[in-house]
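Taking the form predicted alone, here's one chain by itself in structure tokens.
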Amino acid sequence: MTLSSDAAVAPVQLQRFSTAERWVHRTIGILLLILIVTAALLFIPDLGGLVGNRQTVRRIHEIVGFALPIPLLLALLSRAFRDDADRLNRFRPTDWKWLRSRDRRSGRIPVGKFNAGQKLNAAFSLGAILVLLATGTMMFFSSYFPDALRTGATFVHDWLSIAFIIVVVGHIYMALNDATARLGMRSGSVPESWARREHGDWAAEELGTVSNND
């Protein structure tokens, strides 16, 4: 029996993200987009003038802000999510080497499922969400906190929000420059060739040729 040409050249696909992980990523992305837009409307006077009811915008921002951690908490029910969270929480000597290298994307340095940049982005994003939630709570329940604490919370909330937006924009920029990475988050699978180049240790692990070194 002769295989068709399409079957003969079909690339091997590796499962990268579970359905639960992809939905969490999308949900967090949508919530963050709403928070960024509403924050801009509240923070920038010229944009705020485009909205008829500023109080409604503030209320949406508050509700979505309190809802942001919920997808992360629900995701903890997923074994795949917990496993990947554990991977993101481990910084190896090769991660420092990857950060210092100018040809870090060449595949010369073995990388696990997540590279050092992704680990740093995840750590900063989680920390920022927790701090923004804490400071936002102080601002929402302002009558329960002294003036000095409320003022400090507002200062931290505003400036950390700006820093977080910059990181989010950078994350989007990196994603736009890697169509295969976007495919992995959209479909859950990536070609073996991409995995070997970008995440060689993880690809070898998935193919059963080495143990996990993430």
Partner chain sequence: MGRRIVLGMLGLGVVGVAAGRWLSDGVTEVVASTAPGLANVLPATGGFRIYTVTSGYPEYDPATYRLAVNGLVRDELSLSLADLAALPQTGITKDFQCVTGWRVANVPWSGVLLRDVLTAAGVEPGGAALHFTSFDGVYTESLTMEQGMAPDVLVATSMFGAPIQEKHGAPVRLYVVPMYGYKSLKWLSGIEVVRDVIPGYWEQLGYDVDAYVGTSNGRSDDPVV
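Residue numbers count along the first chain shown, from 1. Quantities reported herein were computed from a predicted structural model and do not represent experimental measurements.
Just so it is clear, the following notes concern the form predicted together with its partner chain, a form of the same protein that is not shown.
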Stretch from 23 to 31, 181 to 189, 66 to 74, 53 to 61 whose residues place a heavy atom within 4.5 Å of its partner chain in the model of the complex: 53 to 61
Examine Gly152 and determine whether its closest non-hydrogen atom to its partner chain in the model of the complex is within 4.5 angstroms. yes
How about Val156: is it within 4.5 Å of its partner chain in the model of the complex, going by heavy atoms? yes
Since only the chain is shown here, I'm wondering whether Ile109 would be in contact with its partner chain in the model of the complex (any heavy atom pair within 4.5 Å). no
Please run the contact check for Thr135 against its partner chain in the model of the complex: heavy atoms, 4.5 angstroms, yes or no? yes
Partner contacts for 73 to 108, taking its partner chain in the model of the complex and a 4.5 Å heavy atom cut-off: Asn89, Phe91, Trp96
